[in-house]
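Here's a solo chain for you in structure tokens, the form predicted alone.
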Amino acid sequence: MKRKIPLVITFIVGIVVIISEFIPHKPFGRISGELENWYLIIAGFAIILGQMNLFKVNLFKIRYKQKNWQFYIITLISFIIMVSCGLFWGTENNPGLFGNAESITSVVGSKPFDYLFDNIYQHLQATMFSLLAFFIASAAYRAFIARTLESNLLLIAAILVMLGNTSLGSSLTCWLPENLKFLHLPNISSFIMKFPTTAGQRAIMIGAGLGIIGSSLRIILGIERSYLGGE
């Protein structure tokens, strides 16, 4: 019974939401709106549960001094500081439990939460993305190794696109006559990005959409039950 009730609720909610997309009139539109509000409420509690789980997992790793356990201490301290600043003094447009922290704002120029977010978190985020550039370059190098027909086409297209977006590419083909303008590297690069690349992206989006539809139907019909905790 504990499993049948969630399956029935999932089926009813899924059918109502699907119907409301095709018949956005009473009562389906109103019911769908209420269900979306319930979803936001449940998601809020899920965030709290996730925060509690974050503490539990990190404390476990610190207690048993697993590999790199010192970093988990930094994670918990950072989490506590940010949450405390947000609760006590609020964010840019929202007051906290202790007001708007006028005394602190007059010194640092903004609320503690906003100051830490702008001057620490965003810089750490930029550092992380800059490190990802090296991994992207490494992955691109491995992908561009000419081993098969597909990798050869990928390599040629990548070279043409990169050259077409540089001044070197323009200078290499600027001598071609006007009737061969379509062979200019910038025009070739623009053609590849506009047609083959767009077509590939749309194919991927269509495939992802069909996958989402299939997964949703499996959940609504009760075929996929992993969200119940497994069997």
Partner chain sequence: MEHFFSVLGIWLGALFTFAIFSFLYKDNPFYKVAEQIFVGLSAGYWFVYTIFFILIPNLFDPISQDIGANWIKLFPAALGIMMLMRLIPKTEWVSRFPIALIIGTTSGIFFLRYLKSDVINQLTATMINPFAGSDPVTIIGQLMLVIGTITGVIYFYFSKKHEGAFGVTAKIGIYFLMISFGAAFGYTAMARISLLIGRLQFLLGDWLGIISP
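Residue numbers count along the first chain shown, from 1. We call the rigid core the largest set of C-alpha positions that still match within 1.5 Å between the two forms. These numbers come from a predicted model, not from an experiment.
Missing here is the form predicted together with the partner chain; even so, the following discussion is about that form.
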Give a yes or no for Thr197: in the predicted complex, does one of its heavy atoms lie within 4.5 Å of a heavy atom belonging to the partner chain?
-> yes
Would you please decide whether Ile41 lies within 4.5 angstroms of the partner chain in the predicted complex, comparing each non-hydrogen atom pair?
-> yes
Please run the contact check for Leu217 against the partner chain in the predicted complex: heavy atoms, 4.5 angstroms, yes or no?
-> yes
Verify the contact flag for Phe28: yes if a non-hydrogen atom of it lies within 4.5 Å of a non-hydrogen atom of the partner chain in the predicted complex, no if not.
-> no
Looking at Leu180, Ile204, Cys174, Leu168, which is the one with a non-hydrogen atom within 4.5 Å of the partner chain in the predicted complex?
-> Ile204
Contacts with the partner chain in the predicted complex - residues in 103-132 whose heavy atoms fall within 4.5 Å = Ser106, Val107, Val108, Gly109, Phe113, Tyr115, Phe117, Asn119, Ile120, Tyr121, His123, Leu124, Gln125, Ala126, Thr127, Met128, Phe129, Ser130, Leu131, Leu132
Does superposing the core leave Ser138 with a CA shift of 2 Å or more between the shown form and the other one?
-> yes
Comparing between the shown form and the other one on the rigid core: C-alpha of Asn58 shifted by 2 Å or more?
-> no
Using the core for the fit, does the CA position of Arg30 change by 2 Å or more between the shown form and the other one?
-> no
